[in-house]
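Starting off, we have a lone chain in the form predicted alone, written out as structure tokens.
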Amino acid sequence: MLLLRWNLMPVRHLCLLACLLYIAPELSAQRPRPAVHVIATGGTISNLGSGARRTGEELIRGIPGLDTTFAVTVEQFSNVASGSITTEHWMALARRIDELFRTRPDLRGVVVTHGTDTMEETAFFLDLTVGSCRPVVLTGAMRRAVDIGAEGPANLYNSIRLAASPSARGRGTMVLLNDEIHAARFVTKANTSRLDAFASPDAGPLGVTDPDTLVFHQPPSRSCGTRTAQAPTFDMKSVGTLPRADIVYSYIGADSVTVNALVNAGARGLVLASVGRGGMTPGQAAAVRRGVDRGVLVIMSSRTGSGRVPLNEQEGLKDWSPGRGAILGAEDLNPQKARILLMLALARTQDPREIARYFRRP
């Protein structure tokens, strides 16, 4: 029957079919590949032991067949452990990513390889300072490149998939490890060494990278439409340096020494990793009040690892006057992320009423 149908097929259709079969491979080869730019900063994903590290180019070359699916460009921004990342690195990185999005309209997204210890901090900083509807994805590895079962290549490949995906638009900066996609605001490193070290305690992951597709559990956080640019919360073009802000841990028996020392050292802001939902010891409380009188803004976060500390503007600002600081809650931000937002806010204004606006839950 099949042979009969083939014989009855008009000659012009046979010619068209032959042409399509002939040119199909060539058309496939010419199909544009999604463009993704990888910025390598170092971290465990590049660690070869004994001080040696792979470059970003070497990381990319270690993923078989990547260049047949994606058009990947790479640059080496730094090659250090994440504990060596500084606020100067943050500002330069944010400006570089903004430049890439401005000058390369072909880019679907940017991937940053980074050490895991401070990855959540860099991700949150970029989420606040990069203005684009195109995604920024941070990834790394819990195991060194020379360890058995090193997961770095899989994490990097999935991050490139995520950055290239149209469904990643409008989601800001994300973190991807262990096949899970997390929003920069909520993600934290919750284990020292396990492959599933990253979690979003209050929100859960945004989605997962399955072998055949990306699955998102939540809608995009930004309404982008067909736009590629969006004003960031903080524009790095107007930020010179970040003011000093420090974190103070609260625990039984903590006295005033640390708070006093940081205020005397010039801290313009303090974040308390408080006990419970904003609690601190009497010694810390007395020191904090003195700091507030000297103009220091204090943000109460929590050492618990999840849950809100309410902003409590009405109470925190009721006695405010110019020249004084204030005590406000961090909402759902952990101490390290509250510090980032506080530094950026203080770089723009000294008015606690304005700073409270940035800490309101979006």
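The first residue of the shown sequence is 1; numbering continues from there. This one's a predicted model, so the numbers in the text were calculated from it and none came from an experiment.
Below, we turn to the form predicted together with glutamic acid (GLU), even though it does not appear here.
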Original post:
With glutamic acid (GLU) left out of view, which of Ala203, Ala81, Val239, Val146 would have a heavy atom within 4.5 Å of it in the predicted bound form?
Top reply: Ala81
**OP:** Report the residue, out of Asp179, Asp117, Glu75, Asp235, that has at least one non-hydrogen atom within 4.5 angstroms of glutamic acid (GLU) in the predicted bound form.
**Re:** Asp117
Original post:
Arg54 near glutamic acid (GLU) in the predicted bound form, any heavy atom under 4.5 Å?
Top reply: no
Original post:
Which of these stretches, 310-318, 58-66, 290-298, 41-49, has heavy atoms within 4.5 Å of glutamic acid (GLU) in the predicted bound form?
Top reply: 41-49
